[in-house]
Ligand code: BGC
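Only one chain is given next, in structure tokens, and it is the form predicted alone.
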């Protein structure tokens, strides 16, 4: 990185602690530990990537496992309660360059004066390790008690909010030795999770006690202060049955090794690993340090979701940061976040797509269940690939009032979104091995879905797609959604393109086509649909969001699309108006920008912007990106800056539920494809067409294309590309 990047948060407010818990989350793609201060109770423990359990309403959800980093202090036998501290001074510093959360606190408790400092990391290299080191100073008191529990009372909330479910139980425990170890299993018996914890206290320890209660396993250290600082190092190892058949043995082994190696080595390794990761990006925006810093903040949280070891990666809509959307995977991953990973960690992008390949059979099953052919990807999915979207949500304990959820039944566009993601990955990486062994099958099976999903309309003399929902969820059950139809067309077009490519390559490529069972007659039908699918556009270039949209009551938002309008439960009142929730037509035009005349893009951008509430956090990056492509730079920058507030300023008021992963990825997509105008094809850089804000003197960053590491220096009127792999430089005026 160019320098140390640190985000500072001051003060303590119990009502805001869950917000800080999200934005200060530390993760490494295997485990995620929220950022609530360790001295204060939290309803959250840790999350383990890919570990889900059955639950009412939501089918399966990510598990809220025990809290393993709480540290509670008693002075003269009285617990220190932060909410009751006098002269409380709390500062938290998230150093994203190092991947470390630093906490410093001072407060007065009666006559005692407490000074507390800690660092916390979730190890980037040793994927099972959490390290927390605390330094405690105390004045006007000699007796201090430190408790480092494993808190077994963490549960998942249901709906309504006063109902909970606990997804794990303890099947083995050992507290008699040098460390505490537990083996948990999920209630469905599908997963085992092991915890091994060691607390090291440097100071005059008078007594150590270990015991178990129904809701926690406790280690208590009674310390005679002696006017010397007390240091508490807690190392926790967490392992799951996703990694090994014996997670307890692995957790204990990793813990013992970490303890032997010591805190200093663990910290140094972690910082070094983050430095290597940041070297893949090296972003610098000359003229806008604020935006540079904020983009890197969002990149930090995206990078924390990458697991370098598993065959596939799941990217939940709210990351490993919270229980929002129950840890489910949406189209967010394929459309919004994948470009970031493709550009900077293409190996991770491949493993993200491997998740889609892994659940391909379940997508086939989903299509058959719904009466279609090929593969239909679920709107929401988790570990097993089964449709996980709730059909209805109760609003009261008895379930007498319910909201019907239609997205799982109608947002079929996700199937085309996955195909689009496969194509984008190949365009930037040229990864033929992935395309041959996995990508072709996804492209062909999703094309088969659309070929069975369309209907031929004799009056229109065209293929139509009825009863769907586009990205705009204010308008369910529509016919011929522009987004759905053009993305379905693209899916079929890509299947035809890659079928022809396979025939050109011959040998094992043709063998793969034969293995999948694709015939020339089938491809001819795909081509026919591509050439004859109905797209609801007028002669003047205006494209209806769906057929009949123009007949709805014409309204615009009070912000004219340049601010957020929160509709909430009143969204049902908007289905008969032209007000929309998020980028829909605009999203399609951004993704397929080169396939539409510029005047068509311009007409639709200008029409839909003032009618969009941006109530979905997915909306602003798409509008900003398209505005940049159109050269509407001031407007693009304003929308972009607003999107940058999403989590850093809790723009939507729900960051406490987890990080907005799609927005984070969307911001980077706006930069890469919008402001910088990067385009690649078959693993080669094709062009860069910058549309930079006026005060941006230049943008520099590293990017990976076709397996080559490129350093870009982009100005308004020139582009310099240095191939770090070959030591070549090219200047484009």
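None of the values given here were measured: they were computed from a predicted structure. Residue numbers count along the first chain shown, from 1.
Not pictured, yet referred to below: the form predicted in complex with the ligand.
In the predicted complex, the ligand lies farther than 4.5 Å from every heavy atom of residue 307. By the criterion of a heavy atom within 4.5 Å, residue 350 is excluded from the residues contacting the ligand in the predicted complex. Put simply, residue 332 is close to the ligand in the predicted complex: some heavy atom of it is within 4.5 Å.
Taking the partner from elsewhere, residue 387 is found to have every heavy atom lying beyond 4.5 Å of the ligand in the predicted complex. Between 85-93, 337-345, 574-582, 185-193, the stretch whose residues reach within 4.5 angstroms of the ligand in the predicted complex through a non-hydrogen atom is 574-582. A heavy atom within 4.5 Å of the ligand in the predicted complex is found for one listed residue only; from 363, 129, 587, 618, this is 618. Note on the partner interface in the predicted complex: the residue among 254, 473, 493, 383 having a heavy atom within 4.5 angstroms of the ligand is 473. Contact with the ligand in the predicted complex, defined as a heavy atom within 4.5 Å, is made by all three of 317, 325 and 379.
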